[in-house]
Structure formats: C-alpha cells, structure tokens
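Included below are structure tokens for two forms of one protein chain, each presented in isolation as structure 1 and structure 2.
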Structure 1
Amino acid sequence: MTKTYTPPSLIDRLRADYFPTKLNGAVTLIFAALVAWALWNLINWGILHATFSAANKENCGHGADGACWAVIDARWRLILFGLYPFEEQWRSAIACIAIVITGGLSCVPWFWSGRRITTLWLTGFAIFFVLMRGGMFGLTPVFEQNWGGLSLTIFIFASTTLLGMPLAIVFALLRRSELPWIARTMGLIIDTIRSLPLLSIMFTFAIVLPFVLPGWMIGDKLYRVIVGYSLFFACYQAEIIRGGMQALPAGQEEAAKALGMGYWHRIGYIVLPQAFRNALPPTINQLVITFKETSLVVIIGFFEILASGNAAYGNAEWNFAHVEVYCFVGFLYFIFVFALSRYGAHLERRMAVAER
C-alpha cells in the first residue's frame, strides 16, 4: 500500500494559516474584527455614502457622512495639469504618457545596456520636453512658470535622474580613485551633502545660488532646483554604485588588467555593468524615494501635484474636501511608487534565483 499525497484542502490550509493554535486563533479573530471594522467604515465613507458627481455637490459639505468625490470630478484638471493653459492640456497629458511608456520600456531587459537605456531616456525626455515647452512644430510655447501638476512632478523626477545618474557614476569613480586626495575630497563632499536635509539643498540652490553666481549663469529657478536635487540624488546614488562595485570580486578587475584593458575599458565593460546589476534593488529604492521627495518643491514655491491638490480644495466652494483631495493625490503617487517598488522586489527575487 502506498499512500498517495493529497494536497491539503482549502479549509485545512486556512486553518493552518489562521488558527494553528488557540491563542493564535484568538489573535486572528481580534485582528480580523479590527480589519472588518476599518474596511466597513472605509467602504461606507468612500463608496456607499459618497457623492461622485459634481452635478449634485449640494449633497456634500460639513454635515455629510460620506466622501465628496465631486471635488475630484470638478477639479481634476487643476490637480493634474496645474496652471497649464486649458486648450493645451492634452499636450501635458501626452507628455506624461510618453515618460510613463519610457519608464515601462526601461523595464524590458533588451534595453539594459548603457547605450540603449541612455538613448531611450533621452528620446523620451526630448518628446516630453518638446510637448511641454512647445515653440516647435507649430506648438504654442508654454513657459516653465505655467507648468504644474503631475507633469511638473514627472519633469522634476525625470530630469533629476537623467542628470544625477551620470553624475553619480562620476562621483563613485572619483571616490574610488586610487589617488588619495581625489578620493578623500570626494568622500568629504558626498558625506557632507548626504547629511544635509534635501530641503536645505533645494533652498540653497533656489535662494542662495543667485548671490554666488555671475548673472549669466543663474538661469530659471526651476532648473537651479533640479540641479541641486540632482546633486543630492547623485551623492546617494554614488554610494549605492560604490557598494555595487565593492561587492565585485577583485579578480574581475585583475583579470581585465591581465588582459591589458585600460582604465576606461575596465570600468565601462567589466566593473560598471556588474556593479549596476548588483546595485539594482537599492537603485530602484532610491528612485522611489526620489519620486516621493519631489513633493518637497512645494515648499520652494512650485506648483507640482501636491500644491495643485492644495489649490483644488483651497477655495470657499470646496474647503471641506481636503481628505478627498489628498486621497486622490496620494492615490496618484501610490500608483507610480507602488509599481516601481513592486518592480524592485521582482528584480530582487529574480536575482536571488540567478545566484542560487
């Protein structure tokens, strides 16, 4: 007689997961009651008693017990596009989609080489910039002070990473340099910037830089803040890349040396590709943080999505609808950030499999 293996039934599995012991079962029940209560309140507030259309907005207000999604219905254009001219907002939308597609494409392994990913991002960014700025191909020009909402957030994020990534590689190489003065100076710069708050860096670049730069170098405030943010990003990213380089076995570089490869060939063909591979999960984590922290430019006075959210409920008509607006803005952030962090987790698992 051989016993055949019968897979555990659903009930068995549920019992093993949720009621392994009496104490555990009690804990499960308490937590389940808590979750059920929270969910019920949330559904009640967000769906059952909510007002969805701006047409019947008289239903919501201070006395209402449900959410007032009518504010999103009425103000979504302001939240998404900020002060961008009304007739041109399709451009802003397409520009955002272009960057999202670029981001999606860079997850495809075929693009994972220095040259391809650079070309991809430069193209995507150029499309974004031309659409947003206009002034070419018969598009009416829209200047930076009118940019706002989601597209401004995406613009700051994309340009920061585009500028910051090469800078980070340079910083990492300088810090790893065999020449002590270069390595130490770079180390000091990186450590100093890393221990300052991002807000103070942005503030310095926005407010202080005009004092110490000659007039022709000052440029628009938006670009100064982006340069400052890239510098900050580069310092963090440089440490991540350096970590990736340190994880490489010394034999890799020695073998390259033995083959007679020069410094740039060693770095470009042997060290950097593998370092990036090692550093991919923390890099994605850094990108997630960078995307979230673009919101800090609100304080410097830019009209990105959080600020346009503030403006969306900041009038007498909608002043009660703060929670709804923040939920909506939070949801938009969440989509981007969650997708990115899930992708990072996926990569981590994939690499763990490869290493086994």
Structure 2
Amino acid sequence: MTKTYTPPSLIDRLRADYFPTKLNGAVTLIFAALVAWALWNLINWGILHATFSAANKENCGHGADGACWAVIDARWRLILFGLYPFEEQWRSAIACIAIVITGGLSCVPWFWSGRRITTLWLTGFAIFFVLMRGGMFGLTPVFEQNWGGLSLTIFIFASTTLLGMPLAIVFALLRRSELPWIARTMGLIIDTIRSLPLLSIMFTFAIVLPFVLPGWMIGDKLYRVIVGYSLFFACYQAEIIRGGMQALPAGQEEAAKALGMGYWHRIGYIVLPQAFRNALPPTINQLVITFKETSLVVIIGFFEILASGNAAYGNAEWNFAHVEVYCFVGFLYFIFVFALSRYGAHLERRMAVAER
C-alpha cells in the first residue's frame, strides 16, 4: 500500500529553516531581536514622533524626539525642481513623468525591436527636452542654467544613455575588427578612458576643452559634460557588449557567412541581438551605476538633486534637518534604481537568460 505524502506545515518549515540546531536557533533569535529593535527605533523616529507639516515646524529642531519631515513639506519644490522658475515647474514635472512612462513602455514586448525601442526613447526624450527647454509651442524659454533637481538628474542620465549606447556598439565592433590597426587603436582608446576617473573626464570637458576648441564648438557646459560622460559610459558598455559577442559560438557567424549574409545583416540580425541577451545583467548593472554617478556633476557646479537637497536645508531655518533631507533624496534614488533593477529582472525572465 502506497503511503500518502503529507506536505510539511508552516511550523515544521520554520523549524527546519531557522531552528535546525540549538546554535542556529540562538543566532536566529539574536538577529530577529536586533532587526526588531532597529525597526522599532526607525518607526518611532520616522513616524510616531515625527513632524510632517511645515505649519508645525516649531516642534522640530535640536532636542526633538522624531524626524522633521516638515522640511520636505516646505522645500520639496526646491529638491525636485532646483532653480527652475516657480510658475513653470509643472513643465518639469510633466517632463519627468514622460521619461518614466517611456521607461514603462519599454517593458512592453511590442517595443522590443531596434527600430521601435529607438523611436520610443527618442520621442520620450524629445518631449522631455521640449517641455524643459521651451521656446516653441508657446512655452516660455528656460535655459539650462536654470535646470536643476530631479529633472536635471534624469536629463543627464537619459542623455548619457541615448548617446553612449550607440557609441558603445560602434566601439565594440571596431575593437573586434579584423584590421589590426583599427582593433588595437580602439583598444588603446577604450583602455585609456577606462583608466581615468570619471570626475577628471568631467572636469576636462567642462573646464579644459573651451581653451582648445574653436568658439563654435564649445557649446554649453552641461552638454560638454554629457558628451564626456557618454564617452566614459560607452567605453565600459563596449567591453560589456564585446563580452556578449565573445560568448557566441563562432559557428553562428560562420554559418551566416556561408548563407551569403553581408556584414551589417550578420551584425544586426545574428550577433547583436544575442550579444545584448548575453550581456543583459551587466548592462543593467552599468545603467544603475550610471544613474547613481550623475551625482558627481554637483562638484563641477550643477544643481542636480543632491545639490538641491543641500540647498534645501542650507539656511538658518532648516539647518538641523540634513538627515531628513538626505533620507528623502536617498529614497528618490532608491525608487529609480530599484525600478531599473526590477526592469532588468523582468527582461532576464522574459529572455530566459539564466536558463541558457
């Protein structure tokens, strides 16, 4: 007679996972107590004894038991929009929403072709730029010197990615060229740029280049920094793509040659789609790093979200609330980085990268 299988109960699974031995049980209890103590103190400080409204800011200050979120209530426009004109900040908000919607549409499989995803991102970026810059469709011009906050961070990230990704593909193809002088020259350029700190490249493009370029090529400092950052991004991403290409069996490209496919057809239909699939996890990682490193532009004088946060508490009225401001800025970074991470996980499941 066959014995019927009875699945273990919840208590049995907890005992097996967390209390298999006396030592493991003691470690579990100590760790749980530390987590509970930290959570209780965080809730006590951040919610139970916190002040949320700017109208009650007299409850904040040195000696207060809870967080002073009143600084966010009073200064959120400065953190999100920076120096953007107050009456035009709706444009900055809609521009950020347009980029977020573009990122959301990128998850729809219908857009997963080179032409459609490129059209989608160029359209989303154009809407963002027109809303921010103005000067057309009856919108008041707002020059780049007045951009700031979250919208400037998103603009730098989107511009760097849009410029850097095609450049990375070109760099990767040149480095695997069959002509040695092209492959070695490209390798030297990539290795040289990768050996330099990102901050030094930003300083070079922002401060040094105007002394050596003709006047018509100088442009605005913001765009020079974006070009430098895109070059830095492209060199790292090119090596990631090249790694994805090297993971392909050599027989695939040789079979495409045997079928009479030309170079661009082999690259466009055989090599690049599989290379991007192989390189998906490090590509998402590179995008996350690129988004976080946009904060470096604060050192060369741009008013991005970190600088806006510094300005939000940088007066006598709110100078005690720097922890709350940094928590809020960190939360905004977390939202975007976590969304990028989940997007990458969704693509990996969809493409079954781990099962190959």
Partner chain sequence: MLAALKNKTTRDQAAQFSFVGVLIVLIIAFAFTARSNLEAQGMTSGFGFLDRATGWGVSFSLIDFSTSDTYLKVIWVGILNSLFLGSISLVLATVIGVAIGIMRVSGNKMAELIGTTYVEIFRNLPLLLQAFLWYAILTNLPRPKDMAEASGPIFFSGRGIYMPGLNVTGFSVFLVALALVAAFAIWLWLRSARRFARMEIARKKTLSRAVWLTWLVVAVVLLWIGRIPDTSLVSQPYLRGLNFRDGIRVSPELMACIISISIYGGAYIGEIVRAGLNSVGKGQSEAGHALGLSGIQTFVYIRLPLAIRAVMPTLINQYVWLFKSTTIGIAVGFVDFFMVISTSINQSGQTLELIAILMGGFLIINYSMAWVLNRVNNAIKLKGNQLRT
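For clarity, every value in this text was computed on a predicted model and none was experimentally measured. Along the sequence of structure 1, residues get numbers from 1 upward. We call the rigid core the largest set of C-alpha positions that still match within 1.5 Å between the two forms.
Remark: the form predicted in complex with its partner chain is the source of structure 1; structure 2 originates elsewhere.
Once the cores line up, the CA of Ile335 ends up less than 2 angstroms apart between structure 1 and structure 2. For His346, the displacement of the CA atom between structure 1 and structure 2, after superposition on the rigid core, amounts to 3.8 Å.
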